[in-house]
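Take a look at this single chain in structure tokens; it is the form predicted alone.
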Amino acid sequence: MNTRNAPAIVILGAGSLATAQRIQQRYPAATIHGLSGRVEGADSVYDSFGQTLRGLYQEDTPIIALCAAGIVIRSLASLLSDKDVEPPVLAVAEDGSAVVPLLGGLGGVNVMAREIAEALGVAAAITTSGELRFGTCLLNPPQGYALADLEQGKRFVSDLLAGQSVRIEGDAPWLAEAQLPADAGAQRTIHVGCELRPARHDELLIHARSVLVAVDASVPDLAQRVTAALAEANIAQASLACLLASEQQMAEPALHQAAAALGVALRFAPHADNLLGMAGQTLPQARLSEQSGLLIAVAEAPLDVAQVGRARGRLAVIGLGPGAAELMVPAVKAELARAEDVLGYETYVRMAGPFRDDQVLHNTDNREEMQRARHAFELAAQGRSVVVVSSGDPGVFAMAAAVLEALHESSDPAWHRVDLEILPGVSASLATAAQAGAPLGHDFCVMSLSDNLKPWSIIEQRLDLAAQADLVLAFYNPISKARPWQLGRALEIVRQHRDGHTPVVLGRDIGRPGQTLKVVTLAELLPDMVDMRTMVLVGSSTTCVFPRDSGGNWVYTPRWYPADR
């Protein structure tokens, strides 16, 4: 699939959900969009089908719509103009019995159609003339190859469909397997190579991505220098597969910026005395040349970039949110889809699934945070893509601080070169507040009542000051079998500064099956109403409660504050 965006699976009713989930197993980063009021269990909801499809199309997102093809075409008709740049759009029967590619022939829609059809156990309804005739799409070469001129390619394929024969120059196994009208004496030629030149009028020019450029981060204007070096060597830029640099420069921004500007991968090799040695060790059979102070290596066949050196290791610390799939942010879903290793407390790792067979799960006890963090860095330093899982938000009493502490304490340069990112999630306090209304609508204080990692005297001091300041209080880790008395003592401190009518919100397992929400007063609150899975929100002097029509109460804290307080 030649697209950088994960697909969107759009469904209209609950009867399509099972098929959508089967497709999502093929594309784990895909998001299932369900119609509001009709679908439960989708990753996100929408109100307008047409507006949603048009928005996704304009964002260049591949669309897999589980509905009739006509509905999709009518919804997108006003946007259809340049077929050369449109994303893949497919219609799939609700029961998965048919897969029809509609748009995006040059964006890999037929490839997607076959992948989806394989996942569903059916045949894709391919209608593209060239692909039906020749068994391959010449205008959308497979990975490792790039078409030099699309317009020239269209004319060339039209000639072949009209009956012209063709001969092949260069090495391209995928063409040898196609059903082309081959003739050694044909005037028309498919030429596969990496030289820099325009295509002849009777030629389909395809560039093999078989070129690597070894670079150094100290080179100024690196992307421009690479472009100039390729031109001097008479190599088409489309044949560039990747840049190669020393592992010691793995975190240098200039390298990553150059690779992004050139649209190629960035790989790393063990440090060598010079670029020649680094490239020679990485591709010993390649043809080497030096241009503009850079080293160019040309291999005999397209490079499998994943086998060239190694990638910069990545470690993402993610927050799953409170548990419901629709409350997990899209960036977290994408990170889970790309991960090779997933580490975390077993309960949270299970919440993050399902996983592919090739993903390695490292389940640990919830008390082994520092060991888990160090293990994550060890894996990422090997060039792997690693995810550390937290519930809620990873920066709120969770794994982000432990990961950063492990890095702070480490003198291993390989750990510090890892691409580290913290991805937020919906914390338990925010999820509970949203269910209740807006009790955190003004200033608030978030505290953990666990004294495992800090003295109880500090907790009491902070509680007293926060209660005096009339802040709304959010209590994490309020009580457990090992800490049965702390919540009672905390409430004694709060009651010294709060009226007994102060609203208190108790949210248990919010965002998970069996969630409960209860609103009581501070005077009514007893420790046995709470367990370790309960979020406790204690209102301020301005927090209000009023009944909601559907039953229960709304709770909110106004954004204003009385001037005489």
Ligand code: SAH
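So that there is no doubt, residue numbering starts at 1 and follows the sequence shown. Note that this is a predicted model, so its numbers are computed, not measured.
As for the form predicted together with this ligand, it is not shown, yet the points below apply to it.
Note on the partner interface in the predicted complex: the residue among Tyr145, Tyr345, Phe444, Tyr476 having a heavy atom within 4.5 angstroms of this ligand is Tyr476.
Screening Ala30, Val538, Ala42, Met535 for any heavy atom within 4.5 Å of this ligand in the predicted complex leaves a single hit, Met535.
With this ligand omitted here, the record of contacts in the predicted complex names 427-435 of 427-435, 271-279, 157-165, 255-263, defined by a heavy atom within 4.5 Å. When contacts are judged by a 4.5 Å heavy atom cut-off, Val504 does not count as touching this ligand in the predicted complex. Although the partner is absent here, Ala398 lies within 4.5 Å of this ligand in the predicted complex, judged by heavy atoms. Within 4.5 Å of some heavy atom of this ligand in the predicted complex lies at least one heavy atom of Gly392. Although the partner is absent from this view, Arg26 stays clear of this ligand in the predicted complex, with no non-hydrogen atom inside 4.5 angstroms.
Using a 4.5 Å cut-off on any heavy atom, none of the residues of 405-422 reaches this ligand in the predicted complex.
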